[in-house]
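What follows is one chain in structure tokens, specifically the form predicted alone.
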């Protein structure tokens, strides 16, 4: 095996970013090294329980072979996250007891769980990147263009980093259509809600319909599927780990699951028209989500002044989105709402993203 791909052993100085493999079984060791290579990581391998304690607290994830799980549990290592027991074939009660003694998150069987092992190790490659900014967008009033705003933010954010726009409105037009990605292959909610288990950041990013650095998660046309809580949680978690910006298009319809999605957003933009009726409606939307997330208003069109809207709704105005000429034509052509990166719409979205990405943005908005 070439030196640059050789596993680290217990006599070498361990790196803080290296996963720890604890096993004395040559066959299990070789299999875990193969899976680690597929994930693009190089683990530290320890063949005795005592030696594992040296790197136990530092390793980002620990894979304990079933052959040593019981002996290692007897040593009573400190409880920590990211411990998994890996065994060949069927497991037994003794192995589960050892897993409990180690505080393991699960007991996995090979070869059945090899895909899960690869995904878990693959996520370590994402650990160095900052967690992505999650921005929710909800319509505060009818005709405010919340979906257009969400897609526009996604297009502009993708100019500088990995971005995904997540469609949580089953009665909306479908974000893949708005972005011109409806004919692109990839996972939709329909398929994602049929899966179980942990979703890796890279797996989600590579599975979605995308153009360049912009991906979208939505429904197939004409579907009647509903969101499943476990799928939404996994998708949001993987999206945040694997993207610089996550934009979530939220429906106005009250729903306990969507309340949870709002709570997972760093900030929620409430789009509204700057009219008396529009602001009155937006105030109700803001009141519903107050306390779940930091909120900010985005105005569309002329009318009331920003300070008047802010005072009436009890929520700060973060920006205004101008009317975009030939918007419908741009969307019909499959170009998305931002046809020109120097258009007024693109500049307004860039200003919003810069404001939201600035350090302490959430605290400033909340104030």
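Everything numeric here is computed off the predicted structure, so don't read it as measured data. Residue numbers count along the first chain shown, from 1.
There is another form of the same protein, the form predicted in complex with a small molecule; it is not shown, and what comes next is about it.
Any chance residue 327 has a heavy atom within 4.5 Å of the small molecule in the model of the complex? Answer yes; at least one heavy atom of residue 327 falls within 4.5 Å of the small molecule in the model of the complex.
Does the small molecule get within 4.5 angstroms of any non-hydrogen atom of residue 144 in the model of the complex? Yes, residue 144 lies within 4.5 Å of the small molecule in the model of the complex.
Check residue 120 for me: does it contact the small molecule in the model of the complex (non-hydrogen atoms, 4.5 angstroms)? The answer is no: residue 120 has no heavy atom within 4.5 Å of the small molecule.
In the model of the complex, does residue 300 come within 4.5 Å of the small molecule, counting heavy atoms only? Because a heavy atom of residue 300 falls inside 4.5 Å of the small molecule in the model of the complex, the answer is yes.
Only one of 322, 314, 51, 60 gets a heavy atom within 4.5 Å of the small molecule in the model of the complex. Which one? When the small molecule is considered in the model of the complex, the option within 4.5 Å is 322.
In terms of non-hydrogen atoms within 4.5 angstroms, which of the given stretches 146-154, 207-215, 76-84, 234-242 touches the small molecule in the model of the complex? Going by heavy atoms within 4.5 Å, the stretch is 146-154.
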